[in-house]
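Just so you know, structure 1 and structure 2 below are the same protein chain in two forms, each on its own as structure tokens.
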Structure 1
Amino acid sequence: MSGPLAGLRVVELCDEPGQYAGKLLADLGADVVKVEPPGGSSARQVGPFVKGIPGPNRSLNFWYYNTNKRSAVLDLESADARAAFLALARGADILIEDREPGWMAERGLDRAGIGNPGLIFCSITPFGQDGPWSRYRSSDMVGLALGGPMMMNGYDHADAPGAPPIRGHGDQGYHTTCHYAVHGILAALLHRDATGEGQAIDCSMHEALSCTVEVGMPYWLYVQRDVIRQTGRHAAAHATERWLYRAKDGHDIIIFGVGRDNASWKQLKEWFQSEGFGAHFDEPRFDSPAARQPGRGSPEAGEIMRELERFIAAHDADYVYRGGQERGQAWGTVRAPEETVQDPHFHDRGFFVEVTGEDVDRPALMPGAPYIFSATPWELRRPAPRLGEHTDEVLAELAGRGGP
């Protein structure tokens, strides 16, 4: 058993909104028992599915968000199963649930009903346990709408007149919420390390997202301006220059600054000129870093960007990306998930891990750890569990401990 949270027992009663919190803890070594209703968590019905065919053990979404967990089916509408759940929670260090406010208490499964004073009881909900919207229903997109991220993402009028605010895909609202839930859980764990005391944690998606829009909030708090959406770059108080350019292979590249310092400008200039671009960059008016920076109306900056646009259009995106990076430019190709998995750099670091499951012939790659721990390595100990795979095992462990 490795991982900095090895030895901790976690009970997870979560579907799509909260399951990533359980994964984060499980991947760091905790023993996470996912309690599911007889039909399985609704997360098992979220695609994509293996070969496009739905089934409780075929959701790739479920595979990803439930690594290193065990699955125990307990029908919490029955008294026996509730007793087993209580016994499980009494022996646990951490409980994570994402039911609507009041659901746990109505079934006697709240902190008072469990009666384990050391338990860290984390509730993840769209809006928090109280307040006028606490009964509102939500989803990843609805959360991203109300919390503010969507109004930051979108298009220049010229690219898509009248375009709506855009939601980034991949359940990013749930990710942010679960990151915050785990902050709370680990802070509570450190408090418990010192005092032995458990506590309740109330994690609101709405609050987590409200403080995850970078410059958006400060602009209102300090100068009472709402920022405007722009294509593929930061929302801003005033229109700014483009960052996205299309390369010869049809892929886009983000150009985030050009030759901010003289040393990297010289390298860039020589590169362009060796390829037949930017002959005029030798003129002294390009020598000043200030003249080269966009956003201040400098004609030189405009000329550089126009020439760079021609250069990019004549080359593949990864050629421009790597050539720019080798010359000190923090540029990046806009890659699709099927392309990130090909990049050998991440394989050098052992980042992608192999997973198997129902109806696949050979192991497939998926993202591994967001962090490399030198002493307590992240580890894929087991793939996501089949529905109820560990029910008997978990109940036998409870019997061994003298409950339920």
Structure 2
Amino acid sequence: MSGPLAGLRVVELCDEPGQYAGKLLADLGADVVKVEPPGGSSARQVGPFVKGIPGPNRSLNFWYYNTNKRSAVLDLESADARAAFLALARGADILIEDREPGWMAERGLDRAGIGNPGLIFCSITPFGQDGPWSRYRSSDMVGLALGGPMMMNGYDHADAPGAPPIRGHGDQGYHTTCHYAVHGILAALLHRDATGEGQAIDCSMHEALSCTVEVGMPYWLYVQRDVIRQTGRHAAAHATERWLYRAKDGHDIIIFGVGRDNASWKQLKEWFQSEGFGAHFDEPRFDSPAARQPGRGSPEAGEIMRELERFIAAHDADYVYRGGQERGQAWGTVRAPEETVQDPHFHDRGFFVEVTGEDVDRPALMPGAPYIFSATPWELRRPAPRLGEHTDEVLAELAGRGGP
């Protein structure tokens, strides 16, 4: 075992909503046992699949979200399997579950039924364990809609009059919720280390997402004003200049923070002027950083962005991106996933790892850890488990310590 959480034992009873929380802990070194029904977690049915052929061990999505875990199949509708689950939970530090409220208690598998006072019992649900919506159904998309982020995401009126809100892809709802769940678990671990006391954590996707609407909620709470959606930039209380521009080679460039300080503005201005753009930027009215900032309503900012659009349209995206960065500008190209995979920066830092699985001819690339530990290095200890791969192993461990 390796990683800063090595030695911690985790039981995970999760499908799509909560499995990322288990992955985060497993990737940090915890021993995570994923308990699955005989047919496997529903997450195994989520594509894409190896060579386009569905199967319980062929989901590439599942492969990513379940690295470094073990899989044990237990039919929790069976008394013997419930007894094994209870024994497993009594020897664990953490239990993560994403069943609907009441499901665990009805089967005697809640924290009271387990009887482990030091256990940190984290429940991940759409709307929490109580309240009028506690039994409502949801999904990643519905969570983003009800929590507020979807309303802030999409095209502004100038680009697409009457356009509806747009879902942000990448399971952002589930990811955000699982991050909050792990924050709570780690805080509860600190409390248990100090007091010996475990506790229950009620993590609601609805509340987690309502915390992440950027300026939307503060604007409404403080001045009762809704923000407006804007294409490729932050939602705001009023329309701001565009940040997304098309380069000569057809790629898009995202522009942020033009000329916020005099030093970077001087470099940017000289770059433009060396290529025949922005000759009038030497006028004193452009000297103030406040006048240069998009969103402030100044005519100077509008002129800068229009000239910037002309400059970008005359050059390839990579030239503009790297030239801007060299001059202290937070600019970037809008990349397709395959372009990101080919980025040498990721490979230089060892970000991608190779995994194998059913019917894979050669190792496949997968994102690794977004952090580097100096004392407890991250590693891919094992790929996502095959369905029930470790059932016998886990039950043998229970027998070895007096379990069922």
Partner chain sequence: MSTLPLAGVRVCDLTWIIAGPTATRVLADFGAEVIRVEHGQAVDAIRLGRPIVGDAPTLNNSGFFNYFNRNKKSMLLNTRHPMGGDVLRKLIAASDVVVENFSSRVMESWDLDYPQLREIRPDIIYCSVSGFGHSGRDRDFTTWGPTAQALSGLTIMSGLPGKPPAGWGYSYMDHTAGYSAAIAIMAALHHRNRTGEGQHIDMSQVEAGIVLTGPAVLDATVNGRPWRRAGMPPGNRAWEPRVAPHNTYACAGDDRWVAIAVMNDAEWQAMVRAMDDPEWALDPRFATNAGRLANQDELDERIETWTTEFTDYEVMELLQAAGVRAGVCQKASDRFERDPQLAARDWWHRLPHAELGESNYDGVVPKLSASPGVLRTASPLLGVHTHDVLRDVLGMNDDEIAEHEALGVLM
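Note that this is a predicted model, so its numbers are computed, not measured. Residue indices: 1-based, along structure 1. The term rigid core refers to the most C-alpha atoms you can superpose between the two forms while keeping them within 1.5 Å.
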Check: Of structures 1 and 2, which one represents the form predicted together with the partner chain?
Finding: 1
Note to self: From C-alpha superpositions of the two rigid parts, what is the smaller part's rotation angle between the two structures, in degrees?
What the structure shows: 13
Margin query: Could you tell me the distance the CA of Phe277 travels between the two structures after a rigid core superposition, in angstrom?
Written below: 4.2
Check: Keeping the rigid core fixed, what distance in angstrom separates the two C-alpha positions of Glu303 between the two structures?
Finding: 3.6
